[in-house]
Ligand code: ADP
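Here you get one chain, nothing else, as structure tokens; it is the form predicted on its own.
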């Protein structure tokens, strides 16, 4: 998906966000009404276009002539802001369509958020907007703001107007939007755009991301999301904005509902573990979106990304006048994946020349408590010129001898002297910081009250840098026998079965090139012995039944059978136990499979989500998936780098790298299996869920083997 849409769509989005004229339909003379607040915000907010109040019962509003209908306005209208009762919205939009209004913001509530009747009314609004080609935001929203100097539009009923800046904020919640605007104003955080999307009847986050990608006033995009209308489109669009465009822009998101679990499916681990929060985490990983927890963090990180250059790497120097805060910053940096820069010997030598003997020239650099602006200037010049340093955090605690304003000017001058390395400040005084903060603001240096916040912000900057400079890998396609896999699936469908027993599941995986262990279905004891001898001992026996998904639960598995006698005894025991536990089960026979000891158990999974599409899962098998749920997810298709990142992101990944004398495992073999699973997921849409559990992974260079597999078809 390219950020470039059709010329007509682009023009309507431009009219929406940068209108030359606005009609406020429902503008009111009542002082406490929403219609009055919106009209006042536009009129008194120095809007650079023309605003028309529309109200059939008023001659004028705030001294401006009112019109009974948008159709009565003699001039062209770019944007209609609608604040009328929900029942009246369809008629108003019909009039906007007849007038040729290209864009609308419907602030009115009373639609799908109130139930089925409201949902039906919203569908009517959607149909009218689509019929007339109206780019519509809402309904049930706060409105929008554009602080660009040639627009200066505040078409909301919020009481706060943020200063102009380069950060855009798109919010699905009006209440969160109000809080964000209040916070931005109180913290002097400049915004370029604010858009409250409401119920997303027509325009949703993807449309607005396209517009903001092209916006010359926006450098950073913030999102508050409760859901995504088009997850696949979001991935493609966000990946392009964050990492591929000539003018790349970081995207930061809060996704609410972190503890809400998705639908459960008993047939597979993947279905049971793939809650909505895990999927959103994976989605954001795939497209370079930085996920944050709180509004405070959202703006803290956004300021750093908007005001300072991106770091070249993850090596940070900390300059402080107090040991404790320096240690706190160090701990926070390391916890977030940053490294303390190993200062060069030359830098440390020169630091000693200009600092008292009690100062520490090891990173973090402690200038000690009586440090003045000259010490800060000396230290900052040296660390910013050191090639081992990618970024600097400057900490200043209030001391009797410290002139905070002078130190702030020193920090500002040091940052101005070079434009390649970010400088973040932490002036820890809680009072009398007015002029100090203004000095930092004018120099575009974000200030944080506590060292940990500065470290977190810098870590997000480094993470974004790593994303931008990641190696690009293509979506890999293998030669497979899709027809053979479809033959197995279609046979089950004709027989009215959703579950593919193990021999069929193995046949599907073998057709897609998975390294499946040798095995064959035996329908009698003598045949089981013959197959075991052909494979070679030791072997495994497993019951095969379309009604039995979990074979161990009914005593349907026997491992490490070393000779004919053990195979015969195991065959009889399996049939006896299964018939005792599941009298209703149709038993096809017993699957005889080679037994290969010594590998590390891992699990691969696939679940087809109705909203996100095919989800892939990876984790370690055994207790790690059963108890710890140590797994990662991605939305298919994935690229080669994505496969390796899935493997790296499980908490127990060190076991794959070799731990306490254990040999490293064949990670490339796992990655290839994940890539093959990705291709299978996109090509065999009839499969709803699939588990490979375990995929046994051997020492580096010895590959991996599919031991057991379950496949559930769509119903």
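Positions refer to the first chain, counted from 1. What you see is a predicted model; the values in this text were computed from it and never measured. For clarity, a rigid core is taken as the largest C-alpha set superposing within 1.5 Å between two forms.
Here the subject shifts to the form predicted in complex with adenosine-5'-diphosphate, a form of this protein not shown in this document.
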query: Of 467, 588, 183, 595, the one that lies within 4.5 Å of adenosine-5'-diphosphate in the model of the complex (heavy atoms); finding: 595
query: Answer option from 292, 437, 557, 377, heavy atom within 4.5 Å of adenosine-5'-diphosphate in the model of the complex; finding: 557
query: Partner contact for residue 552 in the model of the complex: adenosine-5'-diphosphate, 4.5 angstroms, heavy atom; finding: yes
query: Residue 540: touches adenosine-5'-diphosphate in the model of the complex, heavy atom cutoff 4.5 angstroms; finding: yes
query: Residue 78, heavy atom within 4.5 angstroms of adenosine-5'-diphosphate in the model of the complex; finding: no
query: Heavy atom of residue 707 within 4.5 Å of adenosine-5'-diphosphate in the model of the complex; finding: yes
query: Contact at 517, 693 and 696 by adenosine-5'-diphosphate in the model of the complex, all three, heavy atom at most 4.5 Å; finding: yes
query: Answer range among 557-565, 387-395, 405-413, 576-584 for contact with adenosine-5'-diphosphate, defined in the model of the complex as heavy atoms within 4.5 Å; finding: 557-565
query: Residues in 438-454 close to adenosine-5'-diphosphate in the model of the complex, defined by a heavy atom within 4.5 Å, in order; finding: none
query: Threshold 2 Å Cα movement between the shown form and the other one at residue 15, rigid core reference; finding: no
query: Threshold 2 Å Cα movement between the shown form and the other one for residue 359, core superposed; finding: no
query: Did residue 518 shift 2 Å or more between the shown form and the other one, C-alpha, core superposed; finding: yes
